[in-house]
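Next up: a single chain in structure tokens, the form predicted alone.
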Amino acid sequence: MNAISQQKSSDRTNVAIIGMGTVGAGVARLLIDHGDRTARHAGKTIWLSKAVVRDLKKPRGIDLPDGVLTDSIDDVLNDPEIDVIIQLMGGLSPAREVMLRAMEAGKDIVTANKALLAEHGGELFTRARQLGRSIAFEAAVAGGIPIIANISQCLSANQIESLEGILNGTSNFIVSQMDEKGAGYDETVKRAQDLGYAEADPSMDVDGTDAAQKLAILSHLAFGATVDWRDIPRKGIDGLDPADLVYARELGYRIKLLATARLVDGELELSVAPTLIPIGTPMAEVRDAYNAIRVVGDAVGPVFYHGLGAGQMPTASAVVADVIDTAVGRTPITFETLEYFSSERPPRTAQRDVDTLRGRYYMRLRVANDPGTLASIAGVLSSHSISIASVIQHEPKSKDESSSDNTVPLVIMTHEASEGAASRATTDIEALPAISGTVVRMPVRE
């Protein structure tokens, strides 16, 4: 290597972005407009050499230097001067193939694609180790909150006992708006789309898929568990009834889409579900598109993280931090030492049978306004060893609370019970002649 090449490699790290969407434009802005800042932290210049896009004429919201934009991935993969690929393509394919090709071309990877890691993490990380490359992925979970680094490094002296969080900003925005404004679900989803918080097809956000994928990643880091996100019991907020938000407030709770992982007797309890959380606790007060994660370690105790979980600049902040760590050399050391997503290493933590999960439950049902109805419901609960903590049954005052078929809403809060017992009791209650429709059931956190 000649002197000029030596100086270049020591003073500058050349990077390329693949996928110049909203986040990509934010990353480019940080690298171009704040090069002095990134150089100060990296000890060298982080130089944006290329940005791969599908349409060269599409406005990007940022002025890029001449020669940076290209529509050819080969311009990046075949350039030996480019050290790091910032892979911001969404979805699984061709993102997977591009990442594999980039590593085989000798590039380290920074990515924000949580779906790709949840689906193909084992393959990609194993291949990276075989090739002597690294993958950094802080932006894949909780946007600007540095939860990956905190769990895998800052809290490494701890056995993590539990983590729970609001991991999807779109869902949290929808629930918050419904709660505060009394709007319906469909109306609020439309507002989220108009504001850019929700995609044209928001199904992965609102059905719990996105949160489950992120929880699978966090569970691997915190507990060494290899979890298929599809195996995580999940229920989304799609179809959430504003009535439940009103009843929850009356009981002293707010409803949030909560992702939970808890270590119990050496096994891992996992779930994603709309959950009642006591008003006044930090998690219940997380509003709009914000995320929050509460981690409990055996040494440090509870630690709470809160911040924007999505959006251009919060996510770009996490991406650029990973680029700096990669340029400095911290990421390769951590990546190799911690053996992230090793498909060759058996999981250290088994997933607990969902029927054994225990907790309190909120139940709302529509019942015949007749004597003995509550007694029949209590009898079913008792037969499954579930006791009632409280009941709300308002006297009918409007068409919303009564109907032509003589039914009224009934809300029950239970004491602690297993998920299996609660599920079987729900089925049996729905079969009672006095019950109209299905039972709404949600877990309760204290």
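This one's a predicted model, so the numbers in the text were calculated from it and none came from an experiment. In case it trips you up, residue 1 is the first one in the sequence shown, and so on.
FYI, the form predicted in complex with another copy of the chain isn't displayed, but the following is about it.
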| property | result |
| --- | --- |
| Partner-facing stretch of 256-264, 173-181, 210-218, 152-160, counted where any non-hydrogen atom is within 4.5 angstroms of another copy of the chain in the predicted complex | 152-160 |
| Residues 41, 307 and 314 all lining another copy of the chain in the predicted complex, heavy atom within 4.5 Å | yes |
| 4.5 Å heavy atom contact, residue 364 and another copy of the chain in the predicted complex | no |
| 4.5 Å heavy atom contact, residue 135 and another copy of the chain in the predicted complex | no |
| Residue 93, heavy atom within 4.5 angstroms of another copy of the chain in the predicted complex | no |
| Interface membership of residue 246, another copy of the chain in the predicted complex, 4.5 Å heavy atom rule | no |
| Candidate from 302, 80, 196, 252 lying within 4.5 Å of another copy of the chain in the predicted complex - any heavy atom | 302 |
| One residue of 98, 321, 237, 116 in contact with another copy of the chain, assessed in the predicted complex (non-hydrogen atom, 4.5 angstroms) | 321 |
| Another copy of the chain in the predicted complex - contacting residues of 315-341, heavy atom within 4.5 Å | 317, 320, 321, 324, 325, 328, 329, 330, 333, 334, 337, 338 |
